[in-house]
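Just the one chain here, the form predicted on its own, laid out as structure tokens.
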Amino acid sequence: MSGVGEKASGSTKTPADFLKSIRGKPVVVKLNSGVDYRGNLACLDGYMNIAMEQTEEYVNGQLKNKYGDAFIRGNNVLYISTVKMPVADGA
């Protein structure tokens, strides 16, 4: 039974570690209402209140608004995801 439930690597990454590592990077924040906000994660707190920069609002996949800065109250957040940057052709 040795090894059951153990991580293959020696280090364990927590959700807090993940959130610290994506600060300043492009993210997608999905709200409980289904609206997406895409922009750079400026900061967040223990209540999941989020400050974003260069924010775009998407409703049903359609761009609706652009904001310089946006503040999202944490109780509305369904999830935060990193954005995969597209690779340029010829790179």
Partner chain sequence: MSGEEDATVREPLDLIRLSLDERIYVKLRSDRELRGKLHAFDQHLNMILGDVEEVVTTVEIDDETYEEIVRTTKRTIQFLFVRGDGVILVSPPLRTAA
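Numbering follows the first chain given and starts at 1. Source: prediction; values computed, not measured.
Separately, the form predicted together with the partner chain exists; it is not shown, and the next lines address it.
### Query
Hey, in the model of the complex, is G24 touching the partner chain, heavy atoms inside 4.5 Å?
Although the partner chain is absent here, G24 would stay clear of it in the model of the complex, with no heavy atoms inside 4.5 Å.
### Message
Just checking whether N40 would be counted as a contact of the partner chain in the model of the complex - the rule being heavy atoms within 4.5 angstroms.
### Response
No, no contact at 4.5 Å.
### Task
Select from 23-56 the residues with a non-hydrogen atom within 4.5 Å of the partner chain in the model of the complex and write them out in sequence order.
Counting only heavy atoms within 4.5 Å of the partner chain in the model of the complex, the contacting residues of 23-56 are R23, L31, Y37, C43, L44, D45, N49, I50, A51.
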